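What follows is a single chain, given as structure tokens, in the form predicted on its own.
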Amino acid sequence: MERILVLGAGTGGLVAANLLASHGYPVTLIEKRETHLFQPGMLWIAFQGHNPSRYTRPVKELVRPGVELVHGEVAGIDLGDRLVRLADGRTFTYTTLIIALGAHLDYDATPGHRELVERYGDFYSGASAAEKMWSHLRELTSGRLVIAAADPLYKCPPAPHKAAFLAAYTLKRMGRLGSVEVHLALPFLHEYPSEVVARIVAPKLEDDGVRVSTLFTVESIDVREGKIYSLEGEELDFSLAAVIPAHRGPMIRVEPGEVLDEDGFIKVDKYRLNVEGYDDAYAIGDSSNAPTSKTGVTAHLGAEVVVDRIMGYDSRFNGRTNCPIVADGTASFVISSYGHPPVPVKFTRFKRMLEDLFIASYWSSLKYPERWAPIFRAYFNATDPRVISGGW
């Protein structure tokens, strides 16, 4: 009998499983957590004090009838034998496999990082850590808030910029911006990996009172002394800090090991998204090594491509990104694809409204992706980087 296994109930996994179920395919979805977290929401929890309940839902409420939901932790995948093993000893066979297990956040890769998160929280590791960050930010009356990254590869490239904008806005509203310095430290040559986007973002950061250090890759953190040291030989004092951890591929055993790159990400054909050498296994979202941003949008679009291919269509993933950069009442987007570098997108209130509309539609788009597909398709066609190459 046909059995499609989907590993992971993040954005990509839920969209893939629910789409397949809507077309009558037998789907088993394996997820270790009972709660799905809207990951960008952690920024709002950490730097605006939002209630975490706004950004969490039980996984079982997001799964369509026809999807068999199994709670368990994936321990290993044998691609040759078409077998998935769980940590509790259960095994599952499949005819088609979709790996959507996300990335592993490696807080032990950088000395002092785990201690920093335990002390202050952050906006990557979960809602409780984001709440801890907020509890310290709201009490901060002077000093320096540092937002930095331990590695150039991380989920949502504009995440540190959004953190800095939201923190600056909150501190300004509290009347503390100035006595508290917001400092953004980035491991890039410019204020964003793309120079085109940097030319849009840099003046906005300056206008909002955010200081920036470029070519600053976190090497170690001394929590007791309140110092962050960079690989480039610089150091920053901090009163409060949030550092994006190094990212690795899913922490599971995969056979054969040759399908993993040096960081543990699963090698895929960047257009078809199948695991290299296997036509019956796919990897989408943060778990793959596809050369595009690791974001919810790319996971969602990748899931649609994989479902199309399972249904027999020659669908191709084009690497499209649509990463929002949210500021104080305005927003921009990082829009690119495999065939086109990022385009200049100005900060406007209209784009902030688009981001708010997306957040409002998020839960429904996971459970009923086919209902939202015409709207999303129209938006992505209208904002194709080839269409708006001159700017938006």
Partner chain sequence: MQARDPLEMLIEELGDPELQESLEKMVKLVKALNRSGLLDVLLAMADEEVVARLSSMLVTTGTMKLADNIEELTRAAGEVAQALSEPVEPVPLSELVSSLRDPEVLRGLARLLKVLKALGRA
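Given the structure is predicted, the values throughout are model-derived calculations rather than measurements. Positions refer to the first chain, counted from 1.
What follows is about the form predicted together with the partner chain, which we do not show.
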For the interface check, one of 320-328, 334-342, 363-371, 42-50 should have non-hydrogen atoms within 4.5 Å of the partner chain in the predicted bound form; which one? 363-371
Every residue in Ser125, Lys155 and Ala159 with a non-hydrogen atom within 4.5 Å of the partner chain in the predicted bound form? no
Partner contact for Leu62 in the predicted bound form: the partner chain, 4.5 angstroms, heavy atom: no
Thr35 versus the partner chain, in the predicted bound form: is there a non-hydrogen atom within 4.5 Å? no
With the partner left out here, check for me: in the predicted bound form, does some heavy atom of Arg57 sit within 4.5 Å of the partner chain? no
I'd like to check something about Leu354: if you look in the predicted bound form, is any of its heavy atoms closer than or equal to 4.5 Å to a heavy atom of the partner chain? yes
Residues in 334-349 close to the partner chain in the predicted bound form, defined by a heavy atom within 4.5 Å, in order: Lys346, Thr348, Arg349
